[in-house]
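A single chain comes next, written as structure tokens; it is the form predicted alone.
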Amino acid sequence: MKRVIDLRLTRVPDLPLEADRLRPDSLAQAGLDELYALPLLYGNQTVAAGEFLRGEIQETEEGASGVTLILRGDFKRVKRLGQGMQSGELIIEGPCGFHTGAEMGGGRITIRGDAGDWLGAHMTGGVIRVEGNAGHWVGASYRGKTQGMRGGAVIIHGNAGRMTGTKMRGGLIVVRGDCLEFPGYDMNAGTILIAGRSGRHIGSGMVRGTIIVRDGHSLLPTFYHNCAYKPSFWPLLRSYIEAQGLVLDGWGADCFFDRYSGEALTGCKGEVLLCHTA
């Protein structure tokens, strides 16, 4: 049976609202009264979710089974949406705040607007798709932690901020637009693709992993050119990205790449692939 929970934001919060309880997997059996009674942190107080949300629940035998949670409105001041979710689908019809999809282990999040900082921080699985722009520290580790994103995929149709993929340990981040400074900082594994302009210090401190760019103007001198080639994995990666609804204009299946290894200060086991025919 398919369950659709459709909620709208009745008023924009004046203070940050912590909404980590709004997850499709944790609401699989909840009724509206139970949902409205969910305690959420609002500033330094606890409020019921019903003070900000109203909606309906529909159940049908048609289509695939599972839970879909739809949130409609301006959620820029609402933090931790979908945090820790393991299954189901979360659709946000509008912008959302910090930590959306953080520590996510499965399921799918679609954001039809912009996303705040720390999108997908520490996620281990699932897919996050942003139709707008994303903030800083996408898929990154929180301060004091040694590992960031370890699995899953973040697909961003717009731009991304600074420190994207900091201490990333696995998974995939794709940015169709531009990305600010320090993408892949201290990266240890995984893949980052930036289709637009890349900020300064690409892959600074990276130990392993792959960063794919079309703009290598700010590549550090601690990266060394190895060869020019056509990676065997590229057609598969491109097909997967397109299957997630993102078409990379100019990035054909037969793209040619310059490979740079680095960085030298950490053993040269990472790589930056510069697409010079895109």
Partner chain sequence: MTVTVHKDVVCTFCGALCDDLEMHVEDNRVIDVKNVCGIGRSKALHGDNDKPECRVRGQQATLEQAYDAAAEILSRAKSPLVYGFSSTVAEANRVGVELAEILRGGLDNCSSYCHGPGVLARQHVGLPTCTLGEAKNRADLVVFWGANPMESHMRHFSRYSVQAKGMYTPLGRKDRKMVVVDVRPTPSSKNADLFFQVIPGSDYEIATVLRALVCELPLPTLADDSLVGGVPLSKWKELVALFKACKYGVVFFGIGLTQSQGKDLNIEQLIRLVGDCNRHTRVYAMPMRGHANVNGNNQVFVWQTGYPLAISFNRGYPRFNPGEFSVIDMLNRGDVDAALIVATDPAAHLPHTAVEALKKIPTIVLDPVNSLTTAWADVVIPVATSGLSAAGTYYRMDNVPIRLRKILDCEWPADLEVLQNIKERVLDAKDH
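Numbering follows the first chain given and starts at 1. Remember, predicted model here, so these are calculated numbers, not experimental data.
As for the form predicted in complex with its partner chain, it is not shown, yet the points below apply to it.
Visitor: Of 124-132, 100-108, 140-148, 86-94, which is the one stretch near its partner chain in the predicted complex, taking non-hydrogen atoms within 4.5 angstroms as near?
Guide: Of the options given, it is 140-148.
Visitor: For this chain shown on its own, do L32, I57 and G209 all sit within 4.5 Å of its partner chain in the predicted complex, going by heavy atoms?
Guide: Looking in the predicted complex, the three residues L32, I57 and G209 all stay beyond 4.5 Å of its partner chain (heavy atoms).
Visitor: Taking any heavy atom pair closer than or equal to 4.5 Å as contact, tell me whether A28 reaches its partner chain in the predicted complex.
Guide: The answer is no: A28 has no heavy atom within 4.5 Å of its partner chain.
Visitor: Within a 4.5 Å heavy atom cut-off, is S204 in contact with its partner chain in the predicted complex?
Guide: So S204 counts as contacting its partner chain.
Visitor: Within 4.5 Å, heavy atoms only: does Y224 come near its partner chain in the predicted complex?
Guide: Within the cut-off, so yes.
Visitor: Would you check, heavy atoms only and a 4.5 Å threshold, whether P235 touches its partner chain in the predicted complex?
Guide: Close contact is absent here: in the predicted complex, P235 is far from its partner chain, nothing within 4.5 Å, heavy atoms only.
Visitor: Using a 4.5 Å cut-off on heavy atoms, what residues in 234-264 are near its partner chain in the predicted complex?
Guide: Result: E263, A264.
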